[in-house]
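The same protein chain appears twice below, in two forms, each given on its own as structure tokens and labelled structure 1 and structure 2.
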Structure 1
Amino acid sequence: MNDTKVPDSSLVRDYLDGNENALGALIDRHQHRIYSFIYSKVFDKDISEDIFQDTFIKVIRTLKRGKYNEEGKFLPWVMRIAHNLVIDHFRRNKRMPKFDNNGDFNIFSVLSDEGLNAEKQLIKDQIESDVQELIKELPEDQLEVLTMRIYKDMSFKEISERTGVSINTALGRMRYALINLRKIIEKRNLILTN
């Protein structure tokens, strides 16, 4: 079988139907790209191989549990898993501080950190992307205040004037936005570092 002509989605279905060779074909097809990505982040052959193996262990477990959401995007999904495992590697090796879930944590302080090395920049970019998606789930009034305060650096007085609500209402909306954001983060079991 010439697997380069078979779409990833078909190989995934074949694997789920019991064809172990289909998984082998997927690994062979994407091995170089995934391994190269991992190596470009950790610069260590042995660690790259370990993370590569862990990536496909996670892929297999996710597929077998029926948790894979087929959207014809197998490679980006696997790359995201590899990316997360690279971040986990840096956390485990204390090359980055961990997020301790105390009530004082300010997710937006992570986004404004100026002194980032390449590893921290990778994580900062990921967090920024995750936060952008998370805040879209907030109610419109909270989203508006949070966006003005965090991304436009407006004072609560300016927000009050712009939105036509009292300063206390703007403060309340910001408070609820942060509370709701924490709930979303906990519900999704996300780990955010600073």
Structure 2
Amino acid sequence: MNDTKVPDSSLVRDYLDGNENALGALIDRHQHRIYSFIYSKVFDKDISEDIFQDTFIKVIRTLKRGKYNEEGKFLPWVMRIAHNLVIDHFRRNKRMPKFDNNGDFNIFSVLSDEGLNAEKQLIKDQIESDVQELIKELPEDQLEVLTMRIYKDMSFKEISERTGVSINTALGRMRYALINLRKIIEKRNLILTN
């Protein structure tokens, strides 16, 4: 069934008329967006699951009580409910864990800063900007594949679909992009290590 042609408002109407499958279609259509929105705020799968469930329980109860009056704007309405429930969650969990460092045990002996120090971060940023300049010298087709693979994290299957070439051609272009990049670096006597 190609349900993308059926507007949300029709599915809501069907659901209000007693068609339970319409709710399934609405959840199926919007679950990814709503769940991703919740997850992007709470960063916890179990909590996201709970908030998603509470969101739709509220949706179902409101619809069945006949209190829904935003026909045509189903998704924004559900997103607003999810948003409010996320806020409720954070209000409930306002307490932050606190570490007092006045005993024998030093918390910083087990907590370390994994990040780079300021100097290494500067070098890393410089290398990244150098590489971004260098890749501009690659032929257009190689640059395209390299950008999609490295910067957009696309698979070779996705790259081949996007560029309209076979996977093997995309792989070949990536290989030549790296070979050419090494040549450019050698030619310029660059050292790109941290």
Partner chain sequence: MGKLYFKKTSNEEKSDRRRPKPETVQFLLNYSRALRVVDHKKMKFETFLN
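Counting starts at 1 and follows the sequence of structure 1. Rigid core here is just the name for the largest C-alpha set that superposes within 1.5 Å across the two forms. Treat the numbers as computed from the prediction; the structure is a model and nothing was measured.
Each of the two structures shows the same chain on its own, and it is structure 2 that derives from the form predicted together with the partner chain. Comparing the forms between the two structures, the C-alpha position of residue 175 differs by 2 angstroms or more, with the core used for superposition. Core-superposed comparison between the two structures: the Cα of residue 62 travels less than 2 Å. Comparing the forms between the two structures, the C-alpha position of residue 129 differs by 2 angstroms or more, with the core used for superposition. Fit the two forms on the rigid core and the C-alpha of residue 161 turns out 67.0 Å off between the two structures.
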